[in-house]
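One chain comes next, on its own, written as structure tokens: the form predicted on its own.
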């Protein structure tokens, strides 16, 4: 018997119209756990670098984490993987909600989609019965409209539906996959789904997921729930309100947006607006949120309420919003929260990433102001700023006129436009748009996370270590007194010594060796979550979470029956991290790609930045080109990776091909 997992993947070939229930090798679970780890292995084995993002051979994998569908709080995450049209690299975008547990209870750990249907279709998965159903009548519907239409058609009000809108149908490079209570937004996974002519996947399951040691496992789950109650009454002092508790950043539950609105950049990530958050703005935005937020929402089997149902237009479905997407359209358009929530409803129906879409629209208007684009490129566009954003959104999702160019995102659009447009696509990391902080001084921890992270979203990299030092040593000492989540005592010492100003302040502190350890810890925690399906909001993202590196091995072992200790879990996460990187190296990733936007920090330190990157590569067991060494690959039982990288000339003899 397989524990915590079903032991089966569902393979669907849309070109042939075939469906197959495929048993999986338990040794892969021992090596990679599940979720992202086994997704990366499937891509390595089956998607060579010669396959492009819109080739039928590109896989679209919905991979549930190992603990999804179990009673573990917050374990509901699905990792959607494909070759990204934005980055041209191996992409993975996470979604929570209820879809992943439903797939697990239907009897599948993953849904693997290949090929391309000649006509629009959707999948209906009801335990062992799987149908590829005609979807021409759903073409053009919004993502949430599609889900409701499918539920009514099937007579299954509780079916969980992941679907795309117009953006996915038209292969917009930043199209998302929406599923009611969450979405897979980053890297254009919705565009790949649209390219396959797959409008939606509906699933309903009734099977059990078995636990190896149920009494031990449930005891740990109950301990975590008790800890969550304690933390709810004990917010972390000295940090911004959205980070004081657990869960994803609590944007929906709080009204104080002073920190984001005054530190994050507005428009095309250009302008900081110090002093923006006045009493009048606070009152106006609070009224908007109280009016449009109908209720707070949780994902499957989770006590946190990180999201909210937002209803602004009764002609459309209410939609779910969480985290910084509350502000992206508002700040991109230099508008207010009322506008931001209204346009976000339309954008959710169309199915676009709430980070990339507003940045692309702001980029277009900046090109217009600079004369690189002209009024002739925007026929009929309204004169007011908000109207222009609505107009651009409509053109982008339909790929009409200038929208066809902008639908490729700022990086690729700038290549097509030329005439100096490249300088305005200034906010890209691995060709993927972000909304970065525009701070004065380079932060070494964030520098490495931005440069080397392959998740294309900084909030999925940062985490358990505070983002900045507390103001006084007394506050820092008080914080570390109750901090069992750290890997060892050195992390406490580094934090206590970290100063806002002085010799031990950024950019010279933390020193490179400590910075590498901190970044590695945060990265490791996220890779555990991405393999198990644990929500980052209860593990890798908040300060002092219930699930951490000293507890997770026992939780995973009691659920799955694996004999896993802390050393073993570290090895698994290192293996998964290395395999993700290997997938991208053979798709062309180089050290040159590992840099933040040029104007991310006002003050830059090239020598320090090179030292940090060199030190991090050595720490990870990579050469100075960022390629894992033969020794590292052998240690991780990735000999097949060594053979391939050597054959392709990516992994050379020691001392060759190394950046001086």
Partner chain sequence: MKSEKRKKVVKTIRIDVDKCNGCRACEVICSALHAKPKYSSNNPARSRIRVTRDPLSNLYLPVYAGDYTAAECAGRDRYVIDGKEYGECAFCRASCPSREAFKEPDSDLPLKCDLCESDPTIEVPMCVQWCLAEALTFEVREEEVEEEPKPEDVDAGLTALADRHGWDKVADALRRLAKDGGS
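Quantities reported herein were computed from a predicted structural model and do not represent experimental measurements. Residue numbers count along the first chain shown, from 1.
The discussion below concerns the form predicted in complex with the partner chain, not included here.
- The partner is absent here, but in the model of the complex a heavy atom of 221, alone among 221, 242, 121, 442, sits within 4.5 Å of the partner chain.
- This chain is drawn without the partner chain; in the model of the complex, the residue among 126, 492, 255, 388 with a heavy atom within 4.5 Å of it is 126.
- A residue is said to contact a partner when one of its heavy atoms sits within 4.5 Å of a partner heavy atom; residue 148 meets this definition for the partner chain in the model of the complex.
- Proximity of residue 496 to the partner chain in the model of the complex: non-hydrogen atoms within 4.5 Å are absent; the residue sits far from the partner.
- Interface residue remark: residue 209 is counted as part of the site for the partner chain in the model of the complex, having a heavy atom within 4.5 Å.
- Within this chain, residue 320 lines the site of the partner chain in the model of the complex, having a heavy atom no more than 4.5 Å away.
- Using a 4.5 Å cut-off to the partner chain in the model of the complex, each of 71, 160 and 301 places a heavy atom inside that distance.
- Screening 543 to 551, 423 to 431, 97 to 105, 389 to 397 for residues having heavy atoms within 4.5 Å of the partner chain in the model of the complex returns a single hit, 97 to 105.
- In the model of the complex, 214, 218, 221, 222, 225, 228, 229 are the residues of 213 to 236 with at least one heavy atom within 4.5 Å of the partner chain, listed from first to last.
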